[in-house]
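In structure tokens, the next block holds one chain alone, the form predicted alone.
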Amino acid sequence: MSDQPFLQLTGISKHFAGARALENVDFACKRGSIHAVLGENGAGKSTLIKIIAGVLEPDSGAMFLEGQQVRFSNPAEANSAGVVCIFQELSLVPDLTVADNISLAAPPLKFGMIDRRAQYRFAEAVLARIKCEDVDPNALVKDLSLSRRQMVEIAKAVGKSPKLLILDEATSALTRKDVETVYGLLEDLRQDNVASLFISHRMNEVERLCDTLSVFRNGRHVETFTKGTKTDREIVRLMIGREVDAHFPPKPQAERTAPHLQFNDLSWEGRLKGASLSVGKGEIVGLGGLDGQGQKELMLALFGVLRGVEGTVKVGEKTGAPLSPAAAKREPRRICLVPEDRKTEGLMLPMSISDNLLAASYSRVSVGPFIDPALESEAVDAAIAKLQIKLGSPQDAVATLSGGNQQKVVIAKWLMTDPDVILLNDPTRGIDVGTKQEIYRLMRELADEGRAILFYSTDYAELIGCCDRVAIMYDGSIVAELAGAAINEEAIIGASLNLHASGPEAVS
């Protein structure tokens, strides 16, 4: 590995509407290195990589590649120089095939037309390189799961033969098997002398993969150091500028309450197969299992999104599954769902923060057919304060917020409906450690207020630390329930692999 940096930034600054995103940043990375970029949401990481990738131009400062000063005005110029970015927000075209997407920027041509056979072979080769042979190059992207779409996004980037590969939370939507595949790919790229910038909020990934770590805070580069020279606690303190309290709030010792949300034998199109569970008021019940075992479909069924759901659902004294999300959020059920993908399912990105916050609860700030400006302002201000959303103005587009603050907007939007039942679909995916802890505390506060919470997470530590009980899904069914000391990683993994052959069982 050369001692000379492949990428070097000097004095980079960027401001948006008077707010500082980056301030006088110096930064460098080398080829043959996996370099972690760490910091809270809003620390400047996204702005940094967008400047490197040609999405944004800096207000001041200079960027050098292999000693030559460069300034990219668009991502295509960055790609031509060997700089390729995998953003957290997918850039795939859903109605095109996997092969079309992988070659979208530069499809192989024959007689001036796209050479479909060559395009298929290229996609097949790239997918094989990232060990994703199970994805059909002719499949439409919209028909793939979120995890497989993320792998196609990675294949698309690898197909451009990068010299510098930037990964922005690229593993946050992946299954554990795919995460291991990406780890292997990055190790292969390191051996091929490719430089990798790795943005992740999962410290176990950083510790496993990265040789160099850089911390950003409030738009400034705080420190760069070699892996192993600082403890996790020291790194987190650099990221948030303060000591970190206990990772998860304490669980109450109260007795289990009577069921408030109860469903039995829920089935739907082979994706749900007789799922049964109950959640009491004041209880956080975790939903675990390997990705794609029916967790998302279960939450959509409970929220009235799916048609043709069989089985029974009871919320309080109301029996019957809601026929629509509008029916789910109204009395007497009062159910809300924080969805899996905030960008496509939770927010209207071009619209204002205020409009997004009120999208599910306009009736609460209206008098007859008209919105009351005073009620609107009061409700928006209260939601912003409750979730501690960092923003310039409520009238700014929600797309201008960091990922963590966007997620807070999604949560706040649904809390404004005053729900009794809260369905959370992996709500901390791709957000920083400080915001995660805020969400953990909020969940426990909401449970203490008497809400019933069903919480799906792909992070075993969250299930262990947050939940009063954990239900494990396998192949559309709930195959085990864990409680008390039985909520541990070994038990969760064992149940996720369906090693409990006797069916659902409560363990305490």
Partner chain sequence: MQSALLHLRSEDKPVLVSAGFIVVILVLGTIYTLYTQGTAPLFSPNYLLQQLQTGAFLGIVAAGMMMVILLGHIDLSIPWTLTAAAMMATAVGGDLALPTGIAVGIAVGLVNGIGVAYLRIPSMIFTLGVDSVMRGLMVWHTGGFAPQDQATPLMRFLAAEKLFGVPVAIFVWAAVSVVIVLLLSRTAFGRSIYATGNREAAAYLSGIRTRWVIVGAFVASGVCAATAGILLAGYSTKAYQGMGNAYLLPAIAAVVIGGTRILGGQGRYIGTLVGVTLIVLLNSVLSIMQMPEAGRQVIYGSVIVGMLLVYGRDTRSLSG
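Numbering follows the first chain given and starts at 1. Just so we're on the same page, rigid core means the largest C-alpha set that superposes within 1.5 Å between forms. A quick note: this is a predicted structure, and the numbers were derived from the prediction, not measured.
The same protein has a further form, the form predicted in complex with its partner chain, not shown here; the description that follows concerns it.
Note on contacts: among Ala28, Leu65, Ile464, Val55, the single residue with a heavy atom within 4.5 Å of its partner chain in the model of the complex is Val55. Checked against its partner chain in the model of the complex, the residues Ala125, Ile371, Val222, Met203 give one hit for a heavy atom within 4.5 Å, which is Ile371.
Stretch-level contact analysis of 175-183, 259-267, 408-416, 275-283 against its partner chain in the model of the complex, using heavy atoms and a 4.5 Å limit, identifies 408-416. Using a 4.5 angstroms threshold between heavy atoms, Gly304 counts as touching its partner chain in the model of the complex. None of the heavy atoms of Pro249 is located within 4.5 Å of its partner chain in the model of the complex. Using a 4.5 angstroms limit between non-hydrogen atoms, Pro339 touches its partner chain in the model of the complex. Its partner chain in the model of the complex comes within 4.5 Å of a heavy atom belonging to Gly346. For a residue to qualify, one of its non-hydrogen atoms must sit within 4.5 Å of its partner chain in the model of the complex; none of Ala81, Cys132 and Arg148 qualifies.
Shown without its partner, the chain has Leu358, Ala359, Ala360, Tyr362, Pro369, Phe370, Ile371, Pro373, Glu376 in segment 357-376 as residues with a non-hydrogen atom within 4.5 angstroms of its partner chain in the model of the complex. Taking 2 Å as the criterion, Arg364 counts as shifted between this form and the one not shown: its C-alpha moves by at least this amount when the rigid core is aligned. With a cut-off of 2 Å and the rigid core superposed, Ser354 has a Cα displacement that reaches or exceeds the cut-off between this form and the one not shown.
Core-superposed comparison between this form and the one not shown: the CA of Pro394 exceeds or equals a 2 Å shift.
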